[in-house]
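Listed next as structure tokens is one chain, alone, in the form predicted alone.
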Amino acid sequence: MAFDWSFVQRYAPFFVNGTLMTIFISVFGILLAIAVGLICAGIEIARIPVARQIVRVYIELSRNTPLLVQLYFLYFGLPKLGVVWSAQTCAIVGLGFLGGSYMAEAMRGGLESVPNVQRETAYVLGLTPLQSITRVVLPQAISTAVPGLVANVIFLFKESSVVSAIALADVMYMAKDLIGMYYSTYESLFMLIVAYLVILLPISIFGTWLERRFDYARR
């Protein structure tokens, strides 16, 4: 069967809209995941009683249940409890819930990689606890955590493909819709691959540059 370029030209605008939706929910989901991860990592590093155990339960629950199950709970389960969210909100919260655990582990690893002597030296030099964290600990922790954080960002962008299961018109939804209506599998998959490359390739390149930049700064 010949590849139908006219089909690609006709329906490319639909994929553009789907790509924008994917970027929208992924960006806000990742920002939520970073915020959740930072809070959880801080609690674990500070070893706060009870809260630390709650964080560990959350991390295990989040990492050991599929995103699809989490989305179904948010979209179909919460209304049974009187909480009704839009598909977009469920997608963002779902990505944030899943990604928060991965971000927390990456950030915790970065924070724990900073030797205690660095903190002690900061105190000796007269820095306040806040200055010690922002000027000494965090720059070193981020440089160590960058590879994991970039990998998690790419992972969450790819996981966003699952949100089509709750009728959210992302790029995956567009591909499945066109395949179901016109049976143009090759053309639809081609546009799907191009859409994900447009999204993920710049992130991957930027992440590689960032890793090298921080690696150079550590030398």
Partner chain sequence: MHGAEILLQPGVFPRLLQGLWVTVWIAGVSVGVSIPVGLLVGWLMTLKNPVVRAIMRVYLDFIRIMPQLALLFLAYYGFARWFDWNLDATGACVLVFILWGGAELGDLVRGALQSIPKAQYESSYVLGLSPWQTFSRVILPQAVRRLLPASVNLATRIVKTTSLAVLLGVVEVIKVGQQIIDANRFQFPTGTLWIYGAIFFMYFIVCWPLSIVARRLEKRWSHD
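Positions refer to the first chain, counted from 1. These numbers were taken from a predicted model, which means no experiment stands behind them.
Unshown form predicted in complex with its partner chain; subsequent notes refer to it.
A heavy atom within 4.5 Å of its partner chain in the predicted complex is found for exactly one of A151, L38, I48, L61: L61. In terms of contact with its partner chain in the predicted complex, the residue from A169, I43, V162, I30 that brings a heavy atom within 4.5 Å is V162. Of the heavy atoms in I34, none are within 4.5 Å of its partner chain in the predicted complex.
Proximity of R52 to its partner chain in the predicted complex: non-hydrogen atoms within 4.5 Å are absent; the residue sits far from the partner. In the predicted complex, none of the heavy atoms of L20 sits within 4.5 Å of a heavy atom of its partner chain. Contact annotation for G109: none of its heavy atoms lies within 4.5 Å of its partner chain in the predicted complex. For the three marked residues, V8, A12 and W85, no heavy atom of any sits within 4.5 Å of its partner chain in the predicted complex. Scanning 121-143 for heavy atoms within 4.5 Å of its partner chain in the predicted complex gives no residues at all.
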